[in-house]
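The data below hold one chain only, encoded as structure tokens and taken in the form predicted on its own.
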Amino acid sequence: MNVNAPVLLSPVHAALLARNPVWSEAGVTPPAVLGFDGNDAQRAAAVGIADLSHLPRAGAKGPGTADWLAAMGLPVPLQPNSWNQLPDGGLIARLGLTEFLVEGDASITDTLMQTDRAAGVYPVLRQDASFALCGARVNELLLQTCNVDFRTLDAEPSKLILTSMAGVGVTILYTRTFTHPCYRLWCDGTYGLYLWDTLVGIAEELGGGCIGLNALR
């Protein structure tokens, strides 16, 4: 590890900082928000939004990618627009026929970006903004920002959807990995702050708002 490498902050770091969050322990990079105040649990019960942009992720694409990932021991999804959970709680998503997103333990994502790749495998730099949405009123928020009924994902837990939310292209899936059933979404980091502000504003109107990782665990 290069100790002089710059710390990559979340695309919404400034918005988080303005709310005086409790950060993860010193030395953990990039930093993650553990909570905001004593009301995180109440907001999560209504509709909470947590920033997960700090999680390590890597991408790869090309005609040889599925076989290459399988040779590394990863549970490669068989169908496009689907995902599988990794043993450490991370995930591998198949975004099309030959493009994949892997998120989870840094040892896995570092390996994907550093290992000599086979012919027909090309790295994809993932600088996403990534959020989790949970709570009893989360579908009300989703319906205000997108014309897709995401409740269909509840019945198809391995499926993911590529769509537009508040005018921003997103990848979204449903998971029960955390304490609360929730939706995970990813978008281009350059649109992250706009989407975050939009979702937080709606969540607050619904009685929820920003939450930290401790409210999801």
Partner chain sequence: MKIMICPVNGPRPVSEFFCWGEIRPMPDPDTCSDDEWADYVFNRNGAPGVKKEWWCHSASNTWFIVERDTEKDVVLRTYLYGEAA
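Positions refer to the first chain, counted from 1. Only a predicted model underlies this, so the values are computations on that prediction, with no experimental measurement involved.
The same protein has a further form, the form predicted together with its partner chain, not shown here; the description that follows concerns it.
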*Site check Leu34, Gly89 and Gly104: each within 4.5 Å of its partner chain in the model of the complex by heavy atom*: no
*Work out which of Ser158, Thr179, Asn39, Ser164 lies within 4.5 Å of its partner chain in the model of the complex, going by heavy atoms.*
Ser164
*asked:* To verify the annotation, which of these, Leu97, Ala136, Ala118, Met72, has a non-hydrogen atom within 4.5 Å of its partner chain in the model of the complex?
replied: Leu97
*Consider Gln114 of the chain shown here, and say whether it contacts its partner chain in the model of the complex, taking contact as heavy atoms within 4.5 Å.*
no
*Evaluate Asn81 for contact with its partner chain in the model of the complex, applying a 4.5 angstroms cut-off between non-hydrogen atoms, and reply yes or no.*
yes
*Is there a heavy atom of Val148 no more than 4.5 Å from a heavy atom of its partner chain in the model of the complex?*
yes
